[in-house]
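First comes one chain, alone, set out as structure tokens in the form predicted alone.
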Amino acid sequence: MTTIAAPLPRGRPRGIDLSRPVMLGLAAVLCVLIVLPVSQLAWHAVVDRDGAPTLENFRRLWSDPAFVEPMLTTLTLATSVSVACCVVAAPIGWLVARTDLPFTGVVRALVMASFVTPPFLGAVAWEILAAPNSGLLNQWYRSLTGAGTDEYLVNVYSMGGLIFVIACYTFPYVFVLVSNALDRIPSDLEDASAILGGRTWRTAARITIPLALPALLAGGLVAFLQAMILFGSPAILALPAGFHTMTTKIWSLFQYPPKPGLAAAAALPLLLITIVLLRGQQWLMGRRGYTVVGGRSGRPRPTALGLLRWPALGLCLAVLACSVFLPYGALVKTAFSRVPSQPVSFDNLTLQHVRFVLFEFSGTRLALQNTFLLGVLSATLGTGLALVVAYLSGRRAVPGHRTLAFLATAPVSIPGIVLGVGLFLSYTRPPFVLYGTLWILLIAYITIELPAAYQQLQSALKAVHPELEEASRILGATRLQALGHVTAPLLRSGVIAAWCFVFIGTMRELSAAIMLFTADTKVISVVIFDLNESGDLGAISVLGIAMLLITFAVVLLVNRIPGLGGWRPARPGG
């Protein structure tokens, strides 16, 4: 199908080329979004309350057990989650990409459901399932075995429970990278091994696995990073268990009395580790290339599993039950039950939680309005900013295009909790006093989601040949006119996908919002976190189901766009 771009206006003289002013303006905007909060972090980390230089914050950070223990706990947590994700996701990725496993489309869809589920909501669901006393699994265990009331099968309020829950919503990162790498490995290499006498498993060990290993290691680094920077799951599960991670410790430093200098000093190591890990991930992914000489490469041929097909499918579904079936079932049961711990029955069914959330709880309407408004504004402004930056850098249209590209991707190395601290320090004093308004949350959301939107549009831009724009330039258009009348219409699908991704990311963001909200600027994710502290699991379940329905509706809408049937969001957060 041929896409016809919007016709250029005729009869107009060549307009003024505003590319350079636009580039300078975008550079200034990106500096405000990124450089300002990071510089504020660095400044407050090395000065005292009077503004005098000091290293006391760092000395305390590395010597006080109250800070050293959360650091060690965070490293242990992140390492364990990374290993668990690799052990679980790599076999599933291989089964889906390179075998005749039945219902691979269903497995991929369920992995996508885990991918877009906010980790903090998954933590709440497992709280319903595996709390030592009231957890559904422990209730069923005691009723089936006759165990005492002080005995339990699983305890989610523990280090092991936290590792398990975070891994449930982090393994899709590894799965996507491994399965995509396996999808791209041509069958020619494996055919050559088979011709030379190599058996299936020997070929996999000598050919397939080494080619997919960089993607697996990169996925492990991403899993490590995600586990390290998460706030919601540790706050919900680790704090009741009596221990901190670095993100929850940073958050606690803003409780009364606030200690912004210590918070800034504690945020900088997270920022530095994130930058190093992302550089390592890029290096690994850059070394995975291969070239087939002598013609077109063949499509990968699936490995026959034989009698193991159905047991392998059962293994995949068992893993996905931990991230989809059981948590979603727990949320639905709790949303419509008078007493969540009692069995499902007509007498136990109720709509009270729905009525409370929709009509009685005063914070619902304001949170929904704030979330929807911020989602639309963040998606629209963030996508527009990413589109212009992607065009100017991708077409090398102006001097300094590499700087623009760097600034657009730099926020990916800033954890949400760190960005929240930086924005709090930047906008709570003149000349920019934005704390207590939706503007500061809008800045946070645009900054966090900008790299993903930029990468989505940069990839889409590569499919549009520059000759189309050059023809419009010959006819008298400026670069910005060419972008608006030629390139943007041809990038319609990519623009819509980027918009939807930013909207979804805004819906589920918690790490930065928890540092920046006030009573008048709460969003759904913050309301869910607050309700969890008060123990209102029924209301949380209703709000969580509403959030999931909106998210899946947006994903389904995107997948119905022609050319985007296989679209996958690249970076969930929270």
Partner chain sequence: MHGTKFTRRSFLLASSALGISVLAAPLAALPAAAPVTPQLIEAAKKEGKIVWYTSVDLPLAQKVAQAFEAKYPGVSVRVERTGAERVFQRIGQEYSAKIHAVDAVNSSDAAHLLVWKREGILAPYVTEDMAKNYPPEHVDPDGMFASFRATLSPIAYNTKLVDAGEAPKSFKDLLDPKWSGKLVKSHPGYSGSTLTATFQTARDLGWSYFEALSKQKVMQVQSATEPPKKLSLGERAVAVDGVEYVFLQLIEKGNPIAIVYPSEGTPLVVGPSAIFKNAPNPNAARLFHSFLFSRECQQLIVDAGGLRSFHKEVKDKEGRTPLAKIKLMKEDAEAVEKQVEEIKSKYTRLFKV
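Fair warning: this is a prediction, and the values are worked out from it, not measured in the lab. Residue numbers count along the first chain shown, from 1. What we label the rigid core is the largest C-alpha set whose atoms superpose within 1.5 Å from one form to the other.
The same protein also exists as the form predicted together with its partner chain; that form is not shown, yet it is the one meant from here on.
Every residue in the set Leu239, Phe356 and Asp530 has a non-hydrogen atom no more than 4.5 Å from its partner chain in the model of the complex. Contact annotation for Thr403: none of its heavy atoms lies within 4.5 Å of its partner chain in the model of the complex.
Residue contact check for Ala52: none of its heavy atoms lie within 4.5 Å of its partner chain in the model of the complex. In the model of the complex, its partner chain lies within 4.5 Å of some heavy atom of Glu360. In the model of the complex, its partner chain lies within 4.5 Å of some heavy atom of Glu69.
None of 335-343, 109-117, 495-503, 313-321 except one has non-hydrogen atoms within 4.5 angstroms of its partner chain in the model of the complex; the exception is 335-343.
Gly436 is the sole member of Gly436, Gly160, Gly384, Pro269 with a non-hydrogen atom lying within 4.5 angstroms of its partner chain in the model of the complex. Among the residues Pro399, Gly105, Pro257, Pro210, the one placing a heavy atom within 4.5 Å of its partner chain in the model of the complex is Pro257. Although its partner chain is not shown here, in the model of the complex the stretch 499-529 places heavy atoms of Ile514, Met515, Phe517, Thr518, Ala519, Asp520, Lys522, Phe529 within 4.5 Å of it, in sequence order. Once you line up the core between the shown form and the other one, the Cα of Thr518 ends up 2 Å or more from where it was.
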